[in-house]
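Shown below, as structure tokens, is a lone chain in the form predicted alone; questions about how it binds or moves come after it.
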């Protein structure tokens, strides 16, 4: 393997610095744009190469000392060497670039990124792995475990749970999810403060006095329950029967939650002209012109069938929440045939990592 001198030109989605060597893109982790570094080429492909940082010869003014002793080996964090303000700038730019490059949007209505009040000690849960007496996280780009005593981006309660797990005389090999609160086993956001900001943002994106909300991938009703005052009826759909059971526990008369496949249920509404079978009873949902749809899919984004169904369904308002800007941008490219993009707001749900949350508001464009 050879060592090369490089100038970092950009930060790619995922957190690695991008440089050029003989015209080929070279990806170098733990670098910042503008830095001059030496790096060892460890993998070389036809279109690009991957390298490991050897030395920072000219550092960025945004370079800071990482707080975590495992940083650089653990695969969790990518940005602890970067000042927080610059992390936010990088993530904002990456959302813009994804929407322009993948979504083919020329004028992106991109709002300022919403920061996290806590840059460390924010995670309310982590999953650690145990194997042959080692308890921790996987090494970057590897299935080799690193023994972890504390995680600086996790809350004190989570770290206490980790300490208690490590103190046990015998820990069976496997995965262990450690939570700040033992009360819930359904999916929830890992950063409480930014989750609250996201929910408030979505509430503000929806005008008052609306008729019907369909909250797809609703979980335990995180968005739906915050929007009850704005809708006459709310329907939540999620495949997770435990989340739906939690949503039903304190549901009002105006709420209906369905444990089913989102793709099938939305297709049923579109196919049956606004009718939906709910608990054995066929119900009229009202005019599509009064429908608001929220989608918060997994990182893979919306399937091709769901995208087509949303275009056919043509809800008056569409709110799209995503944890993966590239799949989000891909989906927007297709949704543009029926919807106008009004706003995109990035949120920093995961400081020190390369992950980015986004929330977009779209309105239907009348068919010509």
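Remember, it's a predicted structure, so these values are computed and weren't measured experimentally. Numbering follows the first chain given and starts at 1.
This protein has a second form, the form predicted in complex with a small molecule, left out of what is shown; the following refers to that one.
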item: Interface membership of residue 120, the small molecule in the predicted bound form, 4.5 Å heavy atom rule; value: no
item: Heavy atom of residue 178 within 4.5 Å of the small molecule in the predicted bound form; value: no
item: Residue 83: touches the small molecule in the predicted bound form, heavy atom cutoff 4.5 angstroms; value: no
item: Contact label in the predicted bound form: residue 297 to the small molecule, heavy atom within 4.5 Å; value: yes
item: Listed residue (270, 124, 260, 210) with a non-hydrogen atom within 4.5 angstroms of the small molecule in the predicted bound form; value: 260
item: Contact assignment for the small molecule in the predicted bound form, among 138, 239, 71, 92, heavy atom within 4.5 Å; value: 239
item: Stretch in contact in the predicted bound form with the small molecule, which is absent here, among 215-223, 168-176, 109-117, 71-79 (heavy atoms within 4.5 Å); value: 215-223
